[in-house]
Every structure is written in structure tokens, then in C-alpha cells.
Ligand SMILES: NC(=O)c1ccc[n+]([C@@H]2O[C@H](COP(=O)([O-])OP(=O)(O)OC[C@H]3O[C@@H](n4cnc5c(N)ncnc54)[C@H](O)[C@@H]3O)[C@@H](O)[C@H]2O)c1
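The form predicted alone is given below as one chain in C-alpha cells.
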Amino acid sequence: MAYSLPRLDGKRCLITGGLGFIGSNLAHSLVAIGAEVSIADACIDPYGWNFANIREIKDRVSFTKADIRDEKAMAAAVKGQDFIFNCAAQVSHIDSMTDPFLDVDINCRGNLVLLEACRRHADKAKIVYAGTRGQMGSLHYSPADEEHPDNPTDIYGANKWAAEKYHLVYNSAYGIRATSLRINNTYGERNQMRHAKYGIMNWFIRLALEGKEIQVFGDGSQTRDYNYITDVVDAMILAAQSEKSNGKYYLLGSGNEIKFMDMVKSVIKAAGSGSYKLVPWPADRKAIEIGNFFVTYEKIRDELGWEPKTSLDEGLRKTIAFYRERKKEYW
């Protein structure tokens, strides 16, 4: 756990989707290490944008309401930036299946709009793309590494996979320095808590804090890998600052494979309330379920020095303390 984040004093950083879960936490960390932070967010409902996410730093960041699909807005946003953290996305697995054309519009076309803006107006900027574990689909071996084949089970995963490839093509073809992090199940402060479409652990935290029942599909024996938000943000900043990451993608993991049921029990224990019930799989969820999922983070550890610092128990404690204090802003 020896890494530390170098200062970014005076460096200009753009975060697309910067009012959302990952983007806003990234903004807090970048401000803390001296960066000049610009946030672009389309503020589309029911996604996770929330001005409460930047309450503490609102006077230290600039905000523009801008959609990643808007060519003029992206051209203006990228100019003069040193680093671009590309977090804007449609992130619901289920919504991608019910409205695939919206998903491809945002997650594919939107990313091409941004990359073209960089090629034309900010070709010296380094881009960090927020990819997803969903690009891999069901695992053939575990723990999976970057050599594992990709076979996404839903439209969201397929389009995020394509967008990652766009970034790497622009790196190789045009010299636009770009890297991708395939982000795992992430939990922590500043995630939306109004529905269960994304951020499932945070949704469970809300239910537990309200003393409600958590529904667990099947027998809950499927395994997952969870990362606390600050660890994810650290990985993105390290990837941005390293030339070793150019043209590559990295898997993020926790080093701790945990059964879904055990995660639920940990949430209930940490909250001190709530309960759970086993229920049959809904058809739409079962159709895209990937089974056990666990990855190694050896590549990013060996090349960039990143390792997760936060245990599940510590991360849950911090997350629950945050929402106990500020739940009115999140549900």
C-alpha cells in the first residue's frame, strides 16, 4: 500500500459526468491535490447527477451543463485540458436492454464525439475512460486477468466494450493518449440512492438503514468483487499520470472474493438494521446474470503501483456514516 498521489498543481482536469458517483468523488480528490477541475454533466434523469455531490467544493470547481453527445459543447469543454476523465455514460444494465438505441447513442456515439473533440482541439490531453467489468461477461477462469476473452451479456457491456476500443484506437491511430480502467462493483459516498438500477450495494445500504427487507435473487451464492470509491478514484488518477498506461486497459479488483449473500449480511450488520429474503430470479435479470465474478489486479499493481487500501468493513462504515448524516440529499 505504498503508493501516494502526486500533486497536480495547476493542471487542468475535465470530468465528463462529473456530478455523478465516480465523477464527483474524482473531483474531490483532484481538488485536494491541486488540480483546476472542470465538470461537464448533462443532468439527465434518472441518472445519478446531484449538485449535493460537489457541495463542499462548489467554489473550487467550474460546472457546465453539457451532453457528451453535443459536438460544440465537447469541443469547448476539452480545449486547454491536461487530463480528461471520461465518466459520462448510461449505466443501467436493464435499461440498455429495454432501450438499446439510447444506450448506443450515449455509450458509443457520445464517446466518439468526445474523442473527435480531443483529436481536433486537445490532442495533448490524456484521457482516462471509465470502463466496466460488464465488458467481460461470464468468466471462463477465475481470478480473471486482462487476457480473459470478452463476451458481454447485455447491450450496456457491449457498448462499453466498443467505447473502450474507440479510446484505444484513437491512442494508436492518432496519438491521443488514452487508457481504460474496467471498474468493478463500486460502493461508497455520493452514489444515487433513489432506485436500484445501478449501485446495488448502495441501494441495499439504503434499505438496511430504513430497516427494510433486501431481496436476494436465487440463493445468493454467486460471488462478486467490491471496491470502495476512493480506491477507484486513486486508480484513475494514477493511470492519468503514468505514460505506461497509454493504449492499455486495466482490471480493478479488491483481492477479496465474496458471496453475494455475505455482502448483504455485511451491509445489514454495518447498518445495525434491515433483513433479507431469498426470492426467485426475475426473468430479465436472470437473462443477463454473469455468475461468479472475481478478477486479479496484478497488472495495475505491477505497472502503476495501485492496490486497494480499503477493506469492505471499513468502506461500509464510512459509507453508512455519510448517508446517516446526509440522507435527505440522496433519497
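Just count from 1 along the sequence shown to find any residue number. Computed from a predicted structure; not experimentally measured.
The form predicted together with the ligand exists for this protein as well; it is not shown, and the discussion that follows is about that form.
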Worksheet item: Does at least one non-hydrogen atom of Y156 fall within 4.5 angstroms of the ligand in the predicted complex?
Response: yes
Worksheet item: Heavy atom to heavy atom, is G131 within 4.5 Å of the ligand in the predicted complex?
Response: yes
Worksheet item: Contact between I68 and the ligand in the predicted complex at 4.5 Å, heavy atoms?
Response: yes
Practice prompt. Determine whether any heavy atom of A73 comes within 4.5 Å of a heavy atom of the ligand in the predicted complex, and answer yes or no.
Written response: no
Worksheet item: Would you say all of I44, W49 and C87 touch the ligand in the predicted complex, counting a heavy atom within 4.5 Å as a touch?
Response: yes
Worksheet item: Ok, N185, Q81, S254, T230: which has a heavy atom sitting within 4.5 Å of the ligand in the predicted complex?
Response: N185
Worksheet item: Of the options L238, I106, L139, L168, which one has a non-hydrogen atom that comes within 4.5 Å of the ligand in the predicted complex?
Response: I106
Worksheet entry | Per-stretch contact check against the ligand in the predicted complex, the hit in 269-277, 60-68, 29-37, 288-296 (non-hydrogen atom, 4.5 angstroms) | 60-68
Item to complete: Residue by residue through 139-154, tell me which have a non-hydrogen atom within 4.5 angstroms of the ligand in the predicted complex.
Response: none
